[in-house]
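So this first bit is one chain, no partners, the form predicted on its own, shown in structure tokens.
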């Protein structure tokens, strides 16, 4: 058994802005389930929702560079995992996690530096780990701070540090003028914190951690190329021997058509009648014609360039001209929101778009759609394609990152070139294949049989911890 202390900015069900929270809500319990002792450290924001918490430490002094803070530590135990919340209202008692109104907090460099120092103080006084596991740039300074701590305090001498990159596009970049705030000026050089004249928290984690993981094997290779490396491909290639890709899992407790509370009729690979009912119910709910003979394509996503919607915009009218219906749920960049609104307005009998997020509707789209479109420019792992496979909703994806690792031609449709023509061709191949009902049902059932549960991912992390 290893004692693992994870550091993160967010975790479900406490606070969530993206997929990082889903991982930190699911991976720690999965590790606990196979015998690891896991503690998760994160901030207590003004928006953090806690129940049954216990204040286990009233005063924890924190020193970050020239700054001193006092925090309290609250604990919630969930599914065999200790979640420890750093309660420092001066730093975290705000409405947002990273920003408000789309504007980043100007002291984010200090807020997350303090989180990493709090994790080290917790390691000395509350939970002594064998492994520190840092998640994304907010935990990027954990490894260099641990390095500095080891030099002055031997109590953590044998602890190792793992850094997981969930999305290399977000690196925690701050101006050089803030270097004095974090107390690591001596590490500001091209082989350390420095990145084109700025401070780079994620780079720090990559450089000084004992192992680096990404959330899929293909993404582990892609980030070592200029196309996907966001300026860090050289740093990563130099450390290729310590990089491992471990696929994220799917939370089948929530995403499973056999017991989904958002569906009026459940179904399984053995009995797919509920799938047909789900399509009919979804079309009725959204006010689209009840045409079950026409394929229904679903999209549930954040609207951003990363997700490939610039390609969709190029061929939107050609897609709408096909014999299909399209249902879209999501929000993000205004140009894509406007594009989907306009498409729905121009083709009201074929296209439905809802701007925003509705968890129940997301489940009903997964169940009711025949196909699910994910044309991502890059996708570190992706979860929607895993949900789609389990719901018998055939994925149409670009072959990148986790989409490449989890979808094959026996369960879905893939295109490789990042082009609108390649996307359109893949959709048309799927529409043609849909006409052969026997073959399509076999494809659905193969996808539903795929197992991307967290247990397999947790076992891979366990092996990595053992190797360290």
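Quick caveat, the model's predicted, so the values are computed rather than measured. Numbering follows the first chain given and starts at 1.
Keep in mind that the form predicted in complex with a small molecule is missing from the display, and what follows is about it.
- When you look in the predicted complex, the only residue of 263, 215, 236, 394 with a non-hydrogen atom within 4.5 Å of the small molecule is 215.
- With the partner removed from view, the residue among 109, 166, 350, 377 that has a non-hydrogen atom within 4.5 Å of the small molecule in the predicted complex turns out to be 166.
- Here the chain stands alone, but in the predicted complex its contact with the small molecule, taken as any heavy atom within 4.5 Å, falls in 298-306 among 226-234, 298-306, 95-103, 267-275.
- Proximity of residue 383 to the small molecule in the predicted complex: non-hydrogen atoms within 4.5 Å are present.
- The closest non-hydrogen atom of residue 458 lies beyond 4.5 Å of the small molecule in the predicted complex.
- For residue 209, no non-hydrogen atom is located within 4.5 Å of the small molecule in the predicted complex, even though that partner is not displayed.
- Although the partner is absent here, residue 23 is a contact residue: one of its heavy atoms lies within 4.5 angstroms of the small molecule in the predicted complex.
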